[in-house]
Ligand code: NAI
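The chain below stands alone and is given in structure tokens; this is the form predicted alone.
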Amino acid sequence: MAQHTVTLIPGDGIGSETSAAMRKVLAASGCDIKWEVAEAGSAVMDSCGTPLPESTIDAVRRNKIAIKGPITTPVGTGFRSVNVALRKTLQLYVNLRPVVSMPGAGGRYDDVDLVIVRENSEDLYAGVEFEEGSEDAAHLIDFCKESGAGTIRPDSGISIKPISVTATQNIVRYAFEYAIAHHRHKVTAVHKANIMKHTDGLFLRVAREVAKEYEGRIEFDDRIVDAFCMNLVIDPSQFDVIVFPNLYGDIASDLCAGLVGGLGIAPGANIGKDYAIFEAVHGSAPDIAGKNIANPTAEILSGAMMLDYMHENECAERIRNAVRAIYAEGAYATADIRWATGSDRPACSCTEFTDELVKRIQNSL
């Protein structure tokens, strides 16, 4: 078996705990990984003057594959998201989030099997913003008024929503190619083209054009985002691979996670032409950091996704099988899963869950 060198960004908050759990589980699976640890987040802000040191970006570029723990993003103030900065810097234009039911996880449904494909580089998350009261915001407000585009209140902060032909072609084509490679049958494009005709309208037009290239191989339809959310809750089985612009994809992926038990079991990946970073969907949960009660499942399943990406499929499947078995039996569950299932059984710690998972994987070998 080949040795793989992977950049590990532990993150902050519960990141150090869930990352440590993931490392133990991947080692137990039989995969040979050499870890290069690189730091990011609030923990290095004081020492480096930035939450994302250039040395960390260099480590990802050098190894081409990375996995990261959650990193805190301040709300409303402070530095911008490290996650967004990594995606932009490394051109990780695909955000991939599989959503699969797991018996014993407290999901609302038993048979959810969806894949979220979210465009990662533009939309309102592009970071093109103008602060309320700034000279640039005033110029933009005046321009919109003079050009007849619309009236914006003078005390407004403004964000720009770019949607390009290029990025839309890339993400929709990725969704179709993923569907083919993984024996899926349908791609659904989600939008708000009835209102935002020059942005979401472009996304829908280009998605339909790309879909024609796959006629006869993969079914295609589209949904307005609010109707999609309603129909998703009513009957998730009507969807398969779902492709979104950035903002809708971020919101809908959390909604989908809620169908199967929550963010604690939701893995994810950010993929580009040259690099890939795998990560749990959930946040850094600083309120429970250091208490050994975090659920490491999402980080562990993100590690399994990474193993698939590295063509270590047998190791990845060992991990998923063991995780499914533990959840189905119900004896080992962290506090979030106990809450989701309504169980009054004592919750296990992050370490206890990890050790049991490691034991089961080793027994399977």
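All figures in this text were calculated on a predicted structure; none of them were measured in a lab. Quick note: we count residues from 1 along the sequence shown, nothing fancier.
Note that the form predicted in complex with the named molecule isn't included here; everything after this is about it.
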Among Met102, Ala252, Ala126, Ala285, which has any heavy atom within 4.5 Å of the named molecule in the predicted complex? Ala285
Residue within 4.5 Å of the named molecule in the predicted complex by heavy atom, from Ile171, Val190, Ile116, Ile71, is Ile71
Per-stretch contact check against the named molecule in the predicted complex, the hit in 211 to 219, 127 to 135, 230 to 238, 276 to 284 (non-hydrogen atom, 4.5 angstroms): 276 to 284
Is Ile141 close to the named molecule in the predicted complex, meaning a heavy atom pair under 4.5 Å apart or at it? no
Taking heavy atoms and a 4.5 Å cut-off, does Asn246 contact the named molecule in the predicted complex? no
Does at least one non-hydrogen atom of Pro267 fall within 4.5 angstroms of the named molecule in the predicted complex? no
Ala175: heavy atom within 4.5 Å of the named molecule in the predicted complex? no
